[in-house]
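Before any questions on how it binds or moves, here is one chain, the form predicted alone, in structure tokens.
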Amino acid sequence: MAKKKDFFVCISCGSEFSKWFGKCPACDEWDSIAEAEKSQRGLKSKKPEAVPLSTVEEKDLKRIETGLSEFNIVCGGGVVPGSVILIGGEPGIGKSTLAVQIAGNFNTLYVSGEESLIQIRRRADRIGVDIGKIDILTCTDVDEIIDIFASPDSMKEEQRCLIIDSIQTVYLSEIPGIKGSVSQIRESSSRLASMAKRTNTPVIIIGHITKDGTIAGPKLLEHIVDTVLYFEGDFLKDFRILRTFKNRYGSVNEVGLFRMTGSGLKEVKDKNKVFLNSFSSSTAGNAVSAALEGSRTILFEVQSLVTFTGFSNPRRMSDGFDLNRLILLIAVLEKHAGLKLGSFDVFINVSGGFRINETSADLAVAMAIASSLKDKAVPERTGMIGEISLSGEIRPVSQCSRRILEFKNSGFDRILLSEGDKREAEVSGFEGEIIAVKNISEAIDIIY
């Protein structure tokens, strides 16, 4: 008879060992190694067999509409049956509100380990969802949740959904460690993901972020789920952005726009009103550019403030734009455009809480800095697209025609871009003035 092997797990980092240690070799935590049951390792019930790829039937993914078009967009067109979706974000940002609104469009089992039944009922009444489609469960044992959800009498119709709010509050009794520990979160998520694939029903998991900014504690949770969505926004503002970080069934560059109101989250249809505050304003230091977010083209306003400083080291600060990229652009402006910024503080802000993740906004940022320094406004209804190289050249950007089309639909009269994009701009149907420039010095001379 084979000798039984012991199995130990670190409740701090989730590492597995064949023997006990006083100090975890992986994370250096003391007294964090605990013995675990062998059953949790998921012993194989039968030997797997390889099958020819040609015998696998091709079936279209029939996505389920959630009733929120913005949420459908970030999921790739809807929720795929059997998929596991993780929604992360700071506490109080609106994750539970979003989950309740989604639940009202399914036959949903809503599992809450943080709020009472009356709290969820009050939120549902305030939002105005169909409470007849929602069953509430306050149990936090994952095995019991799966048994209840998978039972034949749990749901009357085929279209159903399971929502876990939140993953830090559920646990497995045979796993060592407290709720929210690495081992509990990992094993609980794996068990829920297996149930989702077996029953072909979607599972939505809510996860809070930790102090270091990771979603639901360990990063390995992102590899277990199919889709990772991050809910972000400023608590002082009404707007919320739902951004995709991982999606096995769609694009990872999509964003959903919402406005937080007293009656729940409202979808923002005119996205340019959020990130573009009166593009016709004649205020110095403002410039407008276009960014691609998946299937969307978003116009945003770059705001710059350049002020004289009495300190030897001028400050460079940015909100919504990479700080290192800003320092690089300032150096290019000093070297190739003749702007003396060594004795000036430079502040950059992207309006509406939008964050720029591409270099197509370089030209707009540089022109906004020049505008603030010279105290001369950029001409009204002027859009800017272009990447700036270290030599000061304006380089083409990807999918320029999509950006130009958005400028056209928003009423812009003039576009400043690189000579490499001039031909694409001319055939795009833009009826306004197209200004092609070679370098940043030429762009500043033309505008000012």
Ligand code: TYD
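Start at 1 with the first residue shown and count on from there. This is a predicted model, so every value here is computed, not measured.
Not pictured, yet referred to below: the form predicted in complex with ligand TYD.
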May I ask you to check whether Gly104 falls inside a 4.5 Å heavy atom distance of ligand TYD in the predicted bound form?
-> no
Using a 4.5 Å heavy atom cut-off, state whether Ser343 contacts ligand TYD in the predicted bound form.
-> no
Thr297: heavy atom within 4.5 Å of ligand TYD in the predicted bound form?
-> no
Could you tell me if Thr97 has a non-hydrogen atom within 4.5 Å of ligand TYD in the predicted bound form?
-> yes
Considering ligand TYD in the predicted bound form, find the one stretch among 330-338, 134-142, 120-128, 195-203 with heavy atoms no farther than 4.5 Å from it.
-> 120-128
In the predicted bound form, which of the listed residues (Ser173, Thr261, Ser116, Asn313) lies with a heavy atom within 4.5 Å of ligand TYD?
-> Thr261
Exactly one of Asp147, Asp322, Glu358, Glu90 comes within 4.5 Å of ligand TYD in the predicted bound form through a heavy atom, and that residue is Glu90
